[in-house]
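Coming up is one lone chain in structure tokens, specifically the form predicted on its own.
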Amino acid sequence: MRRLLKSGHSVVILTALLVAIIPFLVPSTFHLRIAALVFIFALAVVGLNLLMGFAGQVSLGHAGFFGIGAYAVAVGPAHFGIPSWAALLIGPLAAGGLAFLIGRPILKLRGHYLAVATLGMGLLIAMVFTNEARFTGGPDGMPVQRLELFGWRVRGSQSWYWLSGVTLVIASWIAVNIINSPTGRALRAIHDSEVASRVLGIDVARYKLIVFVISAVYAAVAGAYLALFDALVTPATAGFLRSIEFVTMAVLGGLGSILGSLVGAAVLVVLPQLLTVFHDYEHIALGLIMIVFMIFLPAGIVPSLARLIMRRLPSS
């Protein structure tokens, strides 16, 4: 059992099982829509968790990359005649390219300075989407053409449930393999001490840039999925509040936990639906629940519960 809890691949298997089982447990397509949203947001948070949880680099601007993916599938087909599947590939490439260009100077900063720099980056990207109205529709946003794959038009909650669920399983598998590779060990060393990492011969700047680009690609894929799923994109997709939402999901689920990314996304997507019974007090109830989580599970939901289970297991 201890080995199972420590194994990264058990997270991938558990995620795959959840994706396979949920359709048999929920009564309507509305619940499948909520589950699809959880998977899409979890996809972005897995990438952010690689950056924050394993490399220790704060980002308050990841919604900018999320927005690049979203607007790529909107602007590409509408203004340039690019097929939606090609736009789905172009968005993450563009986000990864931008992350590569701005990552090296930004990642020289640390702590609060890095947080402010990434915040500024995200705000600038959101401003471009708002001001370039002839391409993006301005503050009102623009419609998004449906995704077509090999003649199959992807629409409806059920189709997007399976597409986003399978993508999340693959993304989790890739993340686990990165974590277990020499790159993952270098990231953990950087997280503990950049000075000590340099002394050990680790190219700190290179590994920080690698994980920054990877996390941007994860965010852009998730953004493209959300825009294609909703068939609409607005500048709020790349807004500051979206970035804060991603960070909250990562911290709530557990930094340094791939499964925590899914749990954090599930809490922040599902809880508001459950709390609608409180009407005007919905946000107060949500805030109180989050405070209680962080007081009693300070390391995040998944790592805290995992430690609790490990303590209760026999040591042999």
Partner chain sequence: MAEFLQFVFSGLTVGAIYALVAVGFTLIYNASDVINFAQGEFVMLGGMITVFAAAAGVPLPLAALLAVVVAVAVGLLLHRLAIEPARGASAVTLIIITIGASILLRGLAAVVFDKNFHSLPPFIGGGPWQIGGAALLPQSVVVLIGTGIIVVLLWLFMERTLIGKAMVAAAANRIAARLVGINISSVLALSFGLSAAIGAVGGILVTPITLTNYDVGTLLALKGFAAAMLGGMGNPLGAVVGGLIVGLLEAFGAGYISSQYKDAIAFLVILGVLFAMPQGLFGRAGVERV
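Residue numbers count along the first chain shown, from 1. Fair warning: this is a prediction, and the values are worked out from it, not measured in the lab.
This protein has a second form, the form predicted in complex with its partner chain, left out of what is shown; the following refers to that one.
Checking 37 to 45, 61 to 69, 251 to 259, 24 to 32 against its partner chain in the predicted complex, the stretch whose residues place heavy atoms within 4.5 Å of it is 251 to 259.
Think of it this way: in the predicted complex, its partner chain has a heavy atom of just one of L163, I210, V128, A78 within 4.5 Å, and the residue is V128.
A single residue from the set E132, E148, D140, D203 has any heavy atom within 4.5 angstroms of its partner chain in the predicted complex; that residue is E132.
In the predicted complex, its partner chain sits beyond 4.5 Å of every heavy atom of I90. In the predicted complex, its partner chain sits beyond 4.5 Å of every heavy atom of A55. When contacts are judged by a 4.5 Å heavy atom cut-off, L109 counts as touching its partner chain in the predicted complex. In the predicted complex, its partner chain stays beyond 4.5 Å of every heavy atom belonging to S181. Of all the residues from 191 to 214, those having a non-hydrogen atom no more than 4.5 Å from its partner chain in the predicted complex are S193, E194, V195, A196.
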